[in-house]
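We begin with a single chain expressed as structure tokens, specifically the form predicted on its own.
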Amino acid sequence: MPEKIVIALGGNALQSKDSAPTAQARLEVVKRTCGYIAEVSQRGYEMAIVHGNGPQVGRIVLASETAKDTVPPMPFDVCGAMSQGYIGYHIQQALKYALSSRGRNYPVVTLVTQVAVDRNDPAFQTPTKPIGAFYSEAEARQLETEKQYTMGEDAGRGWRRVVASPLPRRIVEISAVRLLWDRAIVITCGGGGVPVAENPDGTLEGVAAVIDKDFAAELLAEEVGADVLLILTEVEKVAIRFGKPDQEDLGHLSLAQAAQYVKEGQFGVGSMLPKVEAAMKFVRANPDKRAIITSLDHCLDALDGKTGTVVTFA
């Protein structure tokens, strides 16, 4: 049987910091990304794709708030669903072309996905998830005053708005994902999924938050029985003492080693930490399987065991 793989795409796979944040510029980045994904598919993996939406949902919210005197602003959860739709559309279009150009006529489908969270999750009290554009510290302070945003410094790259990032508890549309699994490449849990809370009467209600896409991908990987959780980011390997003269890149992490480095605070809260923690959660639940953290352009070599950081139980 073919191996099952869940791929979590980081923001750099969807939008380049060196190009304008336009739809066409984003599509060009996605086309490059989908070339790599098509090569993974060519190897016979069954797969699903989860993507982030931090920059995109932030811009949608900003556009909605800017136009509030003309049209009513959209709630945060609706903005998240909008980002799922258009990012999924770009991936569908680019991946279908990349597969077809390799002689692989295989369906690609986007599923707008709700993910249930706990209203009492402590994350709602301490927002940490960066969204939207980067600002200087002075601009960030001004936004805090004018719009009552919570702003935070993002891994040395600048200041961004931060929102609550509760843990995913249940993928509402998981039955549909399973039905589609061996019939198509499914783009699901986009942006971590649209966060919803369950009411006592069983209805679902959207909440203002962004679920971390790495944790959503991990939950999806567990639910579909994936063999590999592949988390793609900007760097080839996870590192300790990152950015310092004695930085050490890690080719392998056991669960115990990873836990120790997390305890030491080696990984950035808004960047590498959720990736490592998602990888740990996956191998803790599946001791015979592996999670891989690497960059998009090294993903094929990482799957071959030539690079990347492989996280295993022992």
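So that there is no doubt, residue numbering starts at 1 and follows the sequence shown. Since the model is a prediction, treat every value here as computed from it, not as a measurement.
Although it is not shown, the form predicted in complex with another copy of the chain is what the next lines describe.
Against another copy of the chain in the model of the complex, the set Thr66, Ser175 and Arg183 is in full contact: each member has a heavy atom within 4.5 Å. The partner is absent here, but in the model of the complex a heavy atom of Gly85, alone among Gly85, Gly225, Gly158, Pro122, sits within 4.5 Å of another copy of the chain. The contact with another copy of the chain in the model of the complex, taken as any heavy atom within 4.5 Å, belongs to Leu62 out of Leu250, Leu62, Val40, Leu273. By the criterion of a heavy atom within 4.5 Å, Glu146 is excluded from the residues contacting another copy of the chain in the model of the complex. Contact annotation: Thr113 falls within 4.5 Å of another copy of the chain in the model of the complex, judged by heavy atom distances. At the 4.5 Å threshold, heavy atoms of Gly305 stay clear of another copy of the chain in the model of the complex, well away from it. For the chain shown alone, Ala138 is not a contact residue for another copy of the chain in the model of the complex, no non-hydrogen atom being within 4.5 angstroms.
Segments offered: 216-224, 150-158, 124-132, 190-198. Contacting another copy of the chain in the model of the complex at heavy atom distances within 4.5 Å is 190-198.
Although another copy of the chain is not shown here, in the model of the complex the stretch 96-110 places heavy atoms of Tyr97, Pro107, Val108, Val109, Thr110 within 4.5 Å of it, in sequence order. One change in the model of the complex concerns Ala133 and Lys68, whose Cα atoms lie at least 3 Å closer than in this form.
Between Lys68 and Phe134, the Cα distance is smaller in the model of the complex than in this structure, by no less than 3 angstroms.
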